[in-house]
Each structure stands twice: as structure tokens, then as C-alpha cells.
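The chain below stands alone, shown as C-alpha cells; this is the form predicted on its own.
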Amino acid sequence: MSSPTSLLIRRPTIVLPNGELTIGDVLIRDRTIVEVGTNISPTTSTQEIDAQGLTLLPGVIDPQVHFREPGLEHKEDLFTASCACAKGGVTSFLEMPNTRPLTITQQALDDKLQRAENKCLVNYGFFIGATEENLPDLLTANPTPGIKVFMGSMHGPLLVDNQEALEAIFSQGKRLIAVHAEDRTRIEQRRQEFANIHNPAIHSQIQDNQAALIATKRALNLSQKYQRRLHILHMSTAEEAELLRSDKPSWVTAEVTPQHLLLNTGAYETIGSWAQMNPPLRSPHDNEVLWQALLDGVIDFIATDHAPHTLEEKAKEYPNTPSGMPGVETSLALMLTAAMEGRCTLAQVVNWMSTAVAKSYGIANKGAIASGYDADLVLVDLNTYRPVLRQELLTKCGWSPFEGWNLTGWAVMTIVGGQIVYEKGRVNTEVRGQALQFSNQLL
């Protein structure tokens, strides 16, 4: 499966940067797209790929994942997670700091970057986590897409809900702040109110819509006070979407996960604790309002919040079950299936899962199929439907909340930096991605 110095992808349907669809050829040399056109002439060293009947998209950039390394490799590690990315058409990811040790210093960030250089089949970037005491690191750590602030749903140093500490973080520096917006005080109150209930469905009532709305309002107020670049992670409620619809500064962005669009509290009845995540699944009404906000541009893009736990951990009794679910293998197929159902267009999926992410985080030369852009691409089959099967998953945790769902748009081939990293069920484990660079620090 190793790739020559150039690839010529013949006759796929291409989603162009303006959103139009065309049938043509794409020539890749080394790591870069050098030509998009028709009847491109190959050289003797060019590998030709017959992609007639397939659709070519920019590779997915997943801007929120938890890949568990270092310290929690029994759930996932950078190698297994990046294999799952390759299979799912994800060519770049941004990973979160709640590992062991926490990613809260330059040393910890450097350690992750070194691990990724040795292990990751796709491109990578790592957030630095905020504590109440590491402001100097937040100002100088590099390269990083931004600062992750857990306002709730966290214990230990990464929980930052003290107003003085939040003011210090928002008031100093210019880099993007990404918030997990849930209010710890309300969650603790409701946890006592619903104590001794062991049905995981109570999770959505303990960490309710109001807990999310309170924290999102707080983050927005701080962002406006200091004119600070803010990103709201995994938005889950209708109330938050309507708040942003009425009051969203130009420097604020937001994301939503496929599970908050496609699953709701009814999932507890069928998959139990597999449906448990933070922030929790919401009502069908929340699904619909989030969809509309995404379609209208109130929500800017999609992330998976891939957060795997073992089946043994998920089998514990609530509240001892951990929150989180895997997602990188299924996200693109889920959204492309929605497009085929008429809920959105192919061009919108490309924007939400690639182009808008690259723009928001200042990742140059990614997110479009055009000359001069990096050759991070995925060929998908929109004519065939296949179910999500546990035995085919590459994530180490070995399960999916979407098991049994019949989806289209599965990756046939994934290309990272001009190299074929996945093809028809096989992963090329010799390919290595590169560290992403970010130019998103200024408003």
C-alpha cells in the first residue's frame, strides 16, 4: 500500500471549494495537490487511482478528541486512535489535555508531540489545559490550537470555575480559549437531589440544559468583556443555540457532535450507559434546534468528542460509569448519510467537517481540494450502505453507540500528506502524519 511520489485520482466526483460538484482528476505530488482538472496527463512514476463512481472530499479535521495517551492507554492510544481516524476519513485531529499527566506544561505538550511523531498515522495537534495556577504556560506553550477550560464535568486541577481564575485566563494573552461549558455548582446540587438513582438516564437530568446554559452565558460574558477569541465545545442544548443566535460576536465559534444531532435521551433505553457522555444527550427538540443552528451558521462546525472507555468500565452501575463514547470512525459516514437523506448537502458536510475547522484554528492549506493545498483527502462511496459492526472497529475500546446503524459514505481510501493510509479495509501503518501549525491567536 505504499505510495509513489505522485498520485493521480481519476474521475471522482469532486467537491470544489465553492461547494459545486464536478467530475475530474486530482494530481498529487509529494504532499501537495498540484492540479485539479480533467484528463490530466500522468508521468511514468505516477500511480493512477480509478475513482469513477466515488466522491472525493477534503479529509476530516476533528477538532475535539480524547485519545487517552499518556496514562490511560488501556482505553485508547495514539496509534490505535489514528488507525481509527484513517478508517473514518479523519486526516487531522486536535486532542484534549485530560491525560495522565495532564497536558498543562510545555514539557507535557512536547511529550505528546514526540509520541505522536512516532505513532500517529494522521496529522495532530494538542490543546493545553488551563488550571488556576498555570497561566505562564498558557501564554507561551507552542504549538497548540488553544487553551482548554473545563468549567464543569471535571475534577482536580483542570476544573476551573473560580471567577478570579477565569478572569485571569480570559484577560491575558490572545490565543483561542475552548470551553467545556457546564456549571459545576448546579451539577453538584442536582447530583445530591438525584442521589441513589442508578439508571444512567438520570445523567441527562443531573447535568441538565440549565447547567450548560449557565456556563455558556458565563463564558460569553468573559469573551465579550475581554474581546477574547472563544470556542464553545460540543454545544448540546436548544437554549445555548438560541442564545448564540441572538448574541454571537464575530470572534466566537461553536461546534456540535453527531451524537447531539442524531441521538437523544431515548438512546438510554436501547444502549444504556453507552449513551452516557458529557454534556449529556438531550431531547428530540434539542436535536432539531441544534440541526437548524448548524444549517443557519449559528453553530460553525462538527467535532466528535471521541472519548472511549472499555466495555468493562461502561458495564459498571451508574454513577460509577464513565462518561464518553468513541466517534472518529463513524462521524463522516453519519453526516454523509444525513446528506443523502436530504438533511444537508455534501458541500455543507465538507464545510462543517473540514473547511470551517481549518479556518477557525488557522490551519493553513487544509480543508479544500485546490492546487497548493495539502493532499489530505478521502474517497467515499455514496452508493453503498453498510452497517456499523463492532468487529470492524479499529478503536481500542471496540464498541460504538451507533452499532447496527446502516450508513453510506464510508471511506474507501484515505490519503494523508499524499500517502495512502487506508484503502478498502486495510491500514498502512507505515504512514506518519505531521504536527499541525496554528495561526489563530489574533482576533
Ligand code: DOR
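Just so it is clear, the structure is predicted and the values come from calculations on it, not from any experiment. The first residue of the sequence shown is number 1, and the count goes up from there.
Note that the form predicted in complex with this ligand isn't included here; everything after this is about it.
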Listed range touching this ligand, judged in the predicted complex by heavy atoms within 4.5 Å, from 243-251, 300-308, 117-125, 360-368:
300-308
Contact with this ligand in the predicted complex, heavy atom within 4.5 Å, among 87, 282, 234, 112 goes to 234
Contact assignment for this ligand in the predicted complex, among 323, 337, 355, 80, heavy atom within 4.5 Å:
323
At 4.5 Å between heavy atoms, is residue 277 in contact with this ligand in the predicted complex?
yes
Looking at the partner-bound form in the predicted complex, is residue 396 within 4.5 Å of this ligand by any heavy atom?
no
Might residue 98 be said to contact this ligand in the predicted complex, defining contact as any heavy atom within 4.5 Å?
yes
With the partner left out here, check for me: in the predicted complex, does some heavy atom of residue 150 sit within 4.5 Å of this ligand?
yes
Taking this ligand in the predicted complex and a 4.5 Å non-hydrogen atom cutoff, the residues of 395-432 making contact are none
